[in-house]
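One chain comes next, on its own, written out as structure tokens in the form predicted on its own.
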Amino acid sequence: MPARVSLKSLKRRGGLFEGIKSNIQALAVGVKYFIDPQRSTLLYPKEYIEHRPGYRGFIVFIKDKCISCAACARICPSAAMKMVRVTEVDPKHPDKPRQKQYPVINYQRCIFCGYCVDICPTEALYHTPFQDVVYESLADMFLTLEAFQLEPGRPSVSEGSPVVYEVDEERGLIKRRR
């Protein structure tokens, strides 16, 4: 048997004057924040956010430290980290090339959780303190092994000034220059 539908009517509060009064209050708040000189808009690239230590930005790979354990690729929850095979010359046996696996990353999928950096036993992965790099196409977001070893450039650092966002009890989010 289907459930019965019952409609409840809500009590009307105030009336027409209450509705107009609340609309005027909302407009007054909007005008107050429009006139307020302390806006929290970031004027990029003239300003850039200076993050605190421990910020999880872009991930960079150090090939010399890697032991090819693939723990980073296994733990990645978004499958952004993959292992690629590279043929290398063994210094002890130059006539025998050997296959080794190294991680590469796809920033289209990366959620910057930091699991790969945390699980790496040799600290071959680390975070940069920024995340404001612009790519021209989606294909550029899939880094090759060579590109994954380079720390991405940050043009806003050379052009702009650092700012920090802080929470004020009375005003809310405010921007301070360093």
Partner chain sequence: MDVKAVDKVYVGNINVAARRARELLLGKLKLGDVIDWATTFSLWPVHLLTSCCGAEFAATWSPRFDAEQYGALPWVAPRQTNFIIIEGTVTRKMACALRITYEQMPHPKFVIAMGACALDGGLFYNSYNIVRPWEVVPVDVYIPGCPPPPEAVARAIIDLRRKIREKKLASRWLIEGWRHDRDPVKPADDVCKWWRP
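Residue numbers count along the first chain shown, from 1. Since we're looking at a predicted model, the values are computed, not measured.
Quick note: we don't show the form predicted together with its partner chain, though the next part is all about it.
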Checklist entry - Applying a 4.5 Å heavy atom distance criterion, does Pro94 contact its partner chain in the model of the complex? => result no
Checklist entry - How about Tyr126: is it within 4.5 Å of its partner chain in the model of the complex, going by heavy atoms? => result no
Checklist entry - Is there a heavy atom of Glu136 no more than 4.5 Å from a heavy atom of its partner chain in the model of the complex? => result yes
Next on the checklist: Test of understanding: in the model of the complex, would Phe58 fall inside 4.5 Å of its partner chain by heavy atoms?
Outcome noted: yes
Checklist entry - Within 106-141, which residues come within 4.5 Å of its partner chain in the model of the complex, counting heavy atoms only? => result Asn106, Tyr107, Gln108, Arg109, Cys110, Ile111, Phe112, Gln131, Asp132, Val133, Val134, Tyr135, Glu136, Ser137, Leu138, Met141
